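First, one chain by itself: the form predicted alone, in structure tokens.
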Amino acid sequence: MLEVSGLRKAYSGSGAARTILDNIEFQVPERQFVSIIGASGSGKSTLLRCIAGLTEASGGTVLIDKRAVRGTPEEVVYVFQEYSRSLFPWRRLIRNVAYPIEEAVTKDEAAAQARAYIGKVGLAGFEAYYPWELSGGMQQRAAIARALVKQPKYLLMDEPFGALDAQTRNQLEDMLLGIWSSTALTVLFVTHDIDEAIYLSDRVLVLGSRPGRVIADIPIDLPRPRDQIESKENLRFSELRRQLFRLIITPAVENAT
């Protein structure tokens, strides 16, 4: 169980404190896939970084399996949007993926595990390539393989497919769902794309902005497994899209006025 209670984040600047997040409250049970959406500036990425222990909250608590987060817990792995910066350009793919476990196992075991996860993300045959020899979609697959090789319980992803073309994004969404459904992963996924949030998730949390608060927690009652065509043609998919769009656009309009 991941529990966020009364979470607050404020920054000081120009002589005044600026509150980004205020009184964030939610829980994520084991093995759920939860997306976080909201208008630009609602604090989605800041929230994820606070949960991961990468940014210190100004108040409230984050509990992972009943333990308060202090720094980044071992059972949590974070996948950034800027995949090209998260990979080491001087390391070949297999050594990039093996990096998180190199100190825990032998060199041969690290290579074997890395090779297995490279296969899971569809990059078998590219083990000897450097990151700059791979496409953007392949680099993001590599970043996901490196996250998974640690076998985390919690996978936190900050708009991981936001910079990719639509076809590559759809392929990686299905790859991620396949991996999630075959493991015990709990996923917290930040995205600005409403369709992506609906397609992937069990629940969608909507953040209002200035400061960011959870204004809705929407269950996604679409059958699994999901399909890029059939699921998105489902009438319920359209209803959920309409509901979420209205939740995002209304606070944005109010704040603008």
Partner chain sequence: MKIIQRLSGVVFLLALLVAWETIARLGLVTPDQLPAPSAIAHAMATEILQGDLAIEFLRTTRRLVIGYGIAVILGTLAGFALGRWRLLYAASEPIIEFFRPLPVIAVLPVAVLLLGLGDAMAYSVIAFGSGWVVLLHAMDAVRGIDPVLIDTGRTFQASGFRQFSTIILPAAAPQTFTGLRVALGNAVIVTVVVELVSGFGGGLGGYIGEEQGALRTPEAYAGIILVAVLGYGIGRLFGVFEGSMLRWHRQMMGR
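Since the model is a prediction, treat every value here as computed from it, not as a measurement. Residue numbers count along the first chain shown, from 1.
The protein also exists as the form predicted together with its partner chain; that form is not presented, and the subsequent description refers to it.
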{"item": "Complete contact of 54, 73 and 102 with its partner chain in the predicted bound form (any heavy atom, 4.5 Å)", "value": "yes"}
{"item": "Option from 118-126, 177-185, 157-165, 83-91 whose residues, in the predicted bound form, bring a heavy atom within 4.5 Å of its partner chain", "value": "83-91"}
{"item": "4.5 angstroms heavy atom contact with its partner chain in the predicted bound form for residue 141", "value": "no"}
{"item": "Contact of residue 147 with its partner chain in the predicted bound form (heavy atom, 4.5 Å)", "value": "yes"}
{"item": "Partner contact for residue 114 in the predicted bound form: its partner chain, 4.5 angstroms, heavy atom", "value": "no"}
{"item": "4.5 angstroms heavy atom contact with its partner chain in the predicted bound form for residue 49", "value": "yes"}
{"item": "Neighbours of its partner chain in the predicted bound form among 126-141 [non-hydrogen atom within 4.5 angstroms]", "value": "130, 132"}
